[in-house]
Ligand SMILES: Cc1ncc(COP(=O)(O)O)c(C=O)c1O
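Shown next as structure tokens: one chain only, the form predicted on its own.
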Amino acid sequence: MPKAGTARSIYLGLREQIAGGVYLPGDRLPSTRTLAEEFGVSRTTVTAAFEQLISEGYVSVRQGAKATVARNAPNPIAPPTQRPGGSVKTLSAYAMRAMDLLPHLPGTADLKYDFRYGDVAPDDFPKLLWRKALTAAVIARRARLGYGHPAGSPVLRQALQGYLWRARGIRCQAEQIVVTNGSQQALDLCARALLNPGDRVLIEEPCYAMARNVFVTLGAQATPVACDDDGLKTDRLPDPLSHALAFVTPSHQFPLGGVLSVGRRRQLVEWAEAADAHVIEDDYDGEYRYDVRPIPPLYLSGRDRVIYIGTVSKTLSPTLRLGYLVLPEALVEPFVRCKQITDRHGATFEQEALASLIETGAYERHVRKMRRLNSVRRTAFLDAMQQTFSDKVEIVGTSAGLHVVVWFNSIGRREESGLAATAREAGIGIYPISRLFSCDTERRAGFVFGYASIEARKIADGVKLLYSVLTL
């Protein structure tokens, strides 16, 4: 029995003794007076503990008699039924596939120089602008507080319609836009609405791992197609009749950085038409172009076949979980109904705050500012790598986005994990590219370096420390 004299500690102690067989069904329990004296508390405190045990079915009482252990008292510490190897018997096939694909959750180590891709600098977030917009959304007069539309806030969908036309040249109706909790939910929604277990989905090789995982976890089979400097190699497209869906990052192939050429875009859309399938276009960092003009979205080449995914994770913050889909008109209703089942709607106040930033022009001003800041970080990283590593590395994907891939010329891929572990011990986060490949092929060691979350003045120091640690 715990020594702490609170109602909860007494309740937990008695429950543990009942479960452990100290008190058997039908046994009388100590009186409230006895327990109060033992623990130095009031009888009211003990009575509260007993009332909790009674409500949960551990204890029964009769007027004028001591409390006893209930005849059918539950066992709160009974171990779950398990399969050999420790897996829980009741897990679904979906959960088992997820466990196999995701052996660990993201780490939270505090690294001095963390080149994790996808992260952004906290000081870049427009705190004052966001607070003002969010406060205005919260205090706005409303007829009632109720559930919103599963497709998202009407004001945000309207604002996104204008923004997409100005920024990406996309003409669509506001009704074609579905707001999601980040691009990950958008991918999951596409998979649930368009794939059945056993269906085949075309993916890039290498590919954004969380996209591949979504498809495979739902029971689909992934067909990887190699990429080069011009993106997906469309001359290697598989038989269209055997595929139900395709996933691509045509404006900035993740992670290699290639841009899908006009000819290849046309071939991919023709393939989708022959397959009677859709293509998911993940435009995850389309706002960041440096040495080239903005690339028109694939959506413009095949509106009826292409599903466009956008996000504010790279421009504002991934913590906001705000993404969106632009759907062919025929898919709007089924997607909205599927989304309503798993997610009634996203956070309304945050959606309205983002809408306000877009409508006032503050969001686009912020995007331009972020493009300038990250251009400086990009230059600092590339200069530091060139000066420090020289011809020992090859860097690709430098013309856009917030990350690059660094290939180490004299090191094989099997050494990636060891190098990452060595760097981590020194406080440096570097991330092997191997997990983004579906196939195990012999090649150079490669790492995906993100530079958007590190101060430009610190990047060179991080690169120099990495060189000294790796002793290349």
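Everything quoted here is computed from the prediction, not taken from an experiment. Position 1 is the first residue in the sequence shown; the rest follow in order.
The form predicted together with the named molecule is left out here; the points below concern that form.
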- Query: Do Asp282 and the named molecule come within 4.5 Å of each other in the predicted complex, heavy atoms counted?
  - Reply: yes
- Message: With a cut-off of 4.5 Å between heavy atoms, is Phe389 one of the residues that contacts the named molecule in the predicted complex?
- Response: no
- Query: Even though the named molecule is not shown here, does Arg321 get within 4.5 Å of it in the predicted complex, heavy atoms only?
  - Reply: yes
- Query: Is Arg265 close to the named molecule in the predicted complex, meaning a heavy atom pair under 4.5 Å apart or at it?
  - Reply: no
- Query: Exactly one stretch in 330 to 338, 232 to 240, 218 to 226, 115 to 123 has heavy atoms within 4.5 Å of the named molecule in the predicted complex; which is it?
  - Reply: 115 to 123
- Item | Of Thr398, Asn213, Gln184, Gln176, the one that lies within 4.5 Å of the named molecule in the predicted complex (heavy atoms) | Gln184
- Message: To verify the annotation, which of these, Phe254, Tyr288, Tyr363, Tyr299, has a non-hydrogen atom within 4.5 Å of the named molecule in the predicted complex?
- Response: Phe254
